[in-house]
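Shown here is one chain on its own, the form predicted on its own, set out as structure tokens.
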Amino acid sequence: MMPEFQIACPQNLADAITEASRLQGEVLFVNGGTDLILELRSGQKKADWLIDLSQVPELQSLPTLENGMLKLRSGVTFTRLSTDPLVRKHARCLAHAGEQMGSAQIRNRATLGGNIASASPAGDSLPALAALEAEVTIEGSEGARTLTVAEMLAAKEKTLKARELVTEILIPLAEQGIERRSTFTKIGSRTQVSIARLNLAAVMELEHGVIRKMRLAVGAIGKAPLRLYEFEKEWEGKAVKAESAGKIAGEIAGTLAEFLTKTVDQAIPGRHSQAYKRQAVQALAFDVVAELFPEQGLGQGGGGNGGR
């Protein structure tokens, strides 16, 4: 049963922030509402007021390129993320996350800002944003502040303060002359629509056949996605020439599978899902590397795509 609350419908961002500061009682922001409605019904969250952001134009505008960044407003839906040409070109792993998130109905409603604010351990956007080294702008009555996704994930306490909201997400573009490849894959629940049991995002940047940047983040094995810093350092600076690309790709996939298995063991020791996840995450490793090196036709994992 849905609890009673009142709704405010501001027409611009300034009004939304002003409304949040003046209203009495528990105030929550809502845009897509796909998570919040369930939380209100279950009693996980309570609200005296909901501030509906769906009519705030500043939060609904399309992705743009500005000052070396891909700029996304927090009201962008997962359907838009999965189809927008700028997102597919510059942040392909985020587009992939959008494709695999929930049902078509959920993708049409759920927003990137809401997924970030919910900070679910199984949230699909966070590993992709972490691998892309994205920044998030947060606004409230005390002004605006910007945090990297890495800073948000490392925070011991809730990142969003009361009556603050996510307004935009900035993703650095690859430098000129750098080829960026990125992807995202997941293994989902069979009983709930695409709730991730494991997800993995990867970003690789190449310059003249050399790996200049490798960024990976794995989700759904802790309270927040984990960046694989040690693995990233091991492969940056390695040459990937045409004649040796297959060998290098195979080595990366094998090493990543071993590294992820150890990561699962360290993150959830003794948990009933440990045995399953330490095996499943190896399949994700091969799926991701197969996407990063499509010309090599690896695809040895086979398990990741089946749970999408």
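All figures in this text were calculated on a predicted structure; none of them were measured in a lab. In case it trips you up, residue 1 is the first one in the sequence shown, and so on.
One more form of this protein should be noted, the form predicted in complex with a small molecule, which is absent from this view; the next part is about it.
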Inset, instruction - Indicate whether the small molecule has at least one heavy atom within 4.5 Å of a heavy atom of R212 in the predicted bound form. - result: no
Inset, instruction - Evaluate R109 for contact with the small molecule in the predicted bound form, applying a 4.5 angstroms cut-off between non-hydrogen atoms, and reply yes or no. - result: yes
Legend entry - Any non-hydrogen atom of T34 within 4.5 angstroms of the small molecule in the predicted bound form: yes
Inset, instruction - May I ask you to state whether C93 is within 4.5 Å of the small molecule in the predicted bound form, using heavy atom distances? - result: no
Inset, instruction - Identify, from the list L62, A242, L65, L38, the residue with a heavy atom within 4.5 Å of the small molecule in the predicted bound form. - result: L38
Inset, instruction - Using heavy atoms only and a 4.5 Å cut-off, determine which of V166, L132, V149, I187 is in contact with the small molecule in the predicted bound form. - result: V166
Legend entry - Which of 212 to 220, 83 to 91, 97 to 105, 141 to 149 sits within 4.5 Å of the small molecule in the predicted bound form, heavy atom basis: 97 to 105
